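Shown next as structure tokens: one chain only, the form predicted on its own.
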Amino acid sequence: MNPVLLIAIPLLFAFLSIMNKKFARPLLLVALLLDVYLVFTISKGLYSIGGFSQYGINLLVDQYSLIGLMVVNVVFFLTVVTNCKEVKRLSTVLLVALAGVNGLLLTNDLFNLFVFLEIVGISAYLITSGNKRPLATFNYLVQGTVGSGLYLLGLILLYSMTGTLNMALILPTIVDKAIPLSNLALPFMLMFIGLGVEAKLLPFNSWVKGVLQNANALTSVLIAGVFATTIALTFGRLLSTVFVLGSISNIVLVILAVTMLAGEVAAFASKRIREVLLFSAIAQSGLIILLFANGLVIPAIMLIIANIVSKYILFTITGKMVDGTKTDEIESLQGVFSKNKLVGFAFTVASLSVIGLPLFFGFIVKLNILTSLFSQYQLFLSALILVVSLIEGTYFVKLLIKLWYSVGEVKTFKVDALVKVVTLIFALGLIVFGVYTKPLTDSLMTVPEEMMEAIAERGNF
């Protein structure tokens, strides 16, 4: 099965939905079902569009992109299904967004990556415009446009030096032409900053609070879950097979460390539940990119999987909770789970997994991260992760106590049966993989040898 269908089908259905808006939502659901089916039946390999292997558009299906496609498409589908009421007016936009995220995960060309980045960005701007916070959306639009422009400028500089946009040929060309690392610092830094806007890295993420602070369940899961995961995996591909950080590695390390620490501190100080979750998501983004920057691909992928599952549960339940109670002030939500025990259980499991407590998948992930960092003698980063984990554990435990312990009158909210079933299944998955991880780790061990070789080659610079 050709992977171009993962992009072509949503775009075709988006065109059809414009012609007949009555069928927009059914077309979206059909496209999502077809894409979910395709990602589980697609064959690995390098697919050249038009038959031009080196200079044409290349789509790469390897274990890395395949895992990303499975996770993103399944969560995208479940997000739409569990938020059908909010989806109707956004069906065409969501179809375009689906094509964009699949394109980002599949592309093996730096310019096409820029094109798909723009597609996803425009879709995100339109999706967030429904939050009735036009200034926040405009801020997101401006910063996203600047970020894309910086990425494109860096790409132009890199192309002028290497003469290729093929991601698999960048490093070999740098070696063959003996391009000095000092010449590469500027283009790679521009591209890093450009992607850093969408990855919510400090100081490029001032748009996040305005966009997610008042987001509903659909918007928050798409932006903080689906889109963030896609950008993280794209970042990981570039850091593993394209970027040569060299002299800018210390700058990148500082940016990522500050993102983690500032995100956790901001979450600790927040009094609103959506702010807690969005600042936590910022810190997690910094950690994921940090792992990729240090060549820890498998721990990073494990963290991405744990993160998107947990964030789906947390943001979905929070969205329904805020819609029902008309508040996201933590004090006003005191004891809300005492009358919603099933979703409270799912929320609690996701929170404890994010913290990294034993018997949850998050514990296995953090154990792998720390073990890998200690094996590299990265004592500073190990200590930093332990510190931010302590902060993270403190505010999540405080949040759970507030949401479970009832005092006086307790607010109530209703959750659809489908939302309860999906969040409960995801929560049970976090428990199962916290005890038995062999199937997942076996799958991750087959991450392509070419990616690992590229990491080793990068370490020789």
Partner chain sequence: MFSIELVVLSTLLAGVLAYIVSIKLPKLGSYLTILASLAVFSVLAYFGFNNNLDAEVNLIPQFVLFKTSMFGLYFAIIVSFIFFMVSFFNPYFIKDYKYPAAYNLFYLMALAGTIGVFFASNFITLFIFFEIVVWTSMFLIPLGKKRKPTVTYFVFSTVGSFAMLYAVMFTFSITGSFDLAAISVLSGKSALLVYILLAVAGFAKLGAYPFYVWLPKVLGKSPDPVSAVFSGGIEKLGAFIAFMAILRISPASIYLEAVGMYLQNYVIAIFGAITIVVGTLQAIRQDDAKKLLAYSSASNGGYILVAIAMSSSISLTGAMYHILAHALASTAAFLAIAVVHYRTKTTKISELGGMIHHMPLTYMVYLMAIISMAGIPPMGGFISKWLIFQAVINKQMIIVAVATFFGSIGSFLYVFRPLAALFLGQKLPKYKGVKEAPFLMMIPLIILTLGSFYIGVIPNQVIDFSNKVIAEFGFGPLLMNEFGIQGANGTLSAPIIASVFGLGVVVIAIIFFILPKSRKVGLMDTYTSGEFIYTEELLHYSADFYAPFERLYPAKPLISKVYAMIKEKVNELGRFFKYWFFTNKPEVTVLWIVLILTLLVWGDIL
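All values reported here derive from a predicted model rather than from experimental measurement. Residue numbers count along the first chain shown, from 1.
We do not show the form predicted together with the partner chain, though everything after this point is about it.
F204 is the sole member of F204, F227, F292, Y151 with a non-hydrogen atom lying within 4.5 angstroms of the partner chain in the model of the complex.
Among the residues T325, Q143, N83, N216, the one placing a heavy atom within 4.5 Å of the partner chain in the model of the complex is Q143.
In the model of the complex, the partner chain sits beyond 4.5 Å of every heavy atom of G429. At a distance threshold of 4.5 angstroms between non-hydrogen atoms, V175 is out of contact with the partner chain in the model of the complex. Interface membership of F279, defined by any non-hydrogen atom within 4.5 Å of the partner chain in the model of the complex, is confirmed.
Taking the partner from elsewhere, F360 is found to have a heavy atom lying within 4.5 Å of the partner chain in the model of the complex. Note on the interface: of 255-263, 309-317, 72-80, 102-110, the segment with non-hydrogen atoms within 4.5 angstroms of the partner chain in the model of the complex is 255-263.
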